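Here you get one chain, nothing else, as structure tokens; it is the form predicted alone.
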């Protein structure tokens, strides 16, 4: 068996990254763009000792779970790895992905008995409220706005995206014209990633699905757009082209009857300065060119102000489903003290605060903490306090009573308040993809909450941490799975762990 050999195989399973898995002479073959049940002709592109990767050449007999992707670029684009799979089968795959991780990595026996049915979307299209479009030039010098092809930094130039809010399609069309004009004038308006030259790197677009408020943030390799080209008209024309795109979207009758339709209101225009030679999209500084510094949106009846750099879940409808489940698992009756680790701009904290006596939130990003405090005020919620720092550092110091007023990013909290949070009734964690720090897990053990609600965007690191927490005296009681990211391989889940000896 060697590279470029062609075989016919039957796909028997789906891997962690959504690739189909078949076998040749007992060796596992991973094949992107295939579905369980496909009979396919594949060409081997990489052969290892115990497994190989194949490229799909032809579907000989399609699986009953195979569908035609609504996007012509689905196979090339790195965003929608499962669009060729029926949505019901996607949900089945994601539920089993969580189950398998908890069994194989977490060592949880009979986990299916405590897993609830997956919460899928009513409509798995046009659900994203945030898009980040890389900007570049093709070999002929044409402006490109789109997404990176899978595992590359080659931009696929797109006119539409079926998972983003449809106003994005209008914006991309008009922004492409604006970029072309100034690229033609200057010859260096579009950022060149390899040379680290040029100005415009990415365009970030956020939409409030409830409010209709629109934010556009241009990520630049410079101090300003007008300054860079020596002409303030560049910024004026940017605003004008966004206005025109919004006007055309609002007038388009094809969207006026859709459930997600709400009149779009251009609310915020800013630049984010990123002059580093890095893959990181956003830099550390934002400057508002026009309008507000933020847009607003709701999760349920709680209003949030969202800045360009705020972490805010991208699927508003499913976020409410996820947070409702987290609050339900917390089993609050109004008397509890709750810690929310990795609280961001306070999204889960404020949902919890509606039913708790006191909620403490911890987040490493200073701006997020300021946003969390403002969001609490915005909603007249006065039973929350927020701390800035790493959860694995702030919480142990708070637990030991070592924090002082210079450390705390909140009003009225000090050493005198340590005892009120020392042994909380409930801890909620919603860590980044890497999961919880081991020091934080030790602190959770010492704080001895009655219940621990773990929200996760990566079932593998969740399973790893669940295994550690079970060894520390917790029992896994419930597992909920929520599809936040239709047509991708990503999945959100929320688990309830209870302490054995309360």
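Positions refer to the first chain, counted from 1. Here the structure is a predicted model, which is why all the values come from computation and not from measurement.
Unshown form predicted together with a small molecule; subsequent notes refer to it.
Of the candidate stretches 212 to 220, 283 to 291, 356 to 364, 254 to 262, only 356 to 364 has residues with heavy atoms within 4.5 Å of the small molecule in the predicted bound form. Scanning 398, 323, 182, 329 against the small molecule in the predicted bound form with a 4.5 Å heavy atom cut-off leaves one residue, 323.
For the options 344, 166, 424, 146, the residue carrying a heavy atom within 4.5 angstroms of the small molecule in the predicted bound form is 344.
In the predicted bound form, residue 92 stays away from the small molecule, with no heavy atom inside 4.5 Å.
In the predicted bound form, no heavy atom of residue 78 sits within 4.5 Å of the small molecule. The closest heavy atom approach of residue 237 to the small molecule in the predicted bound form falls outside 4.5 Å.
Interface residue remark: residue 389 is counted as part of the site for the small molecule in the predicted bound form, having a heavy atom within 4.5 Å.
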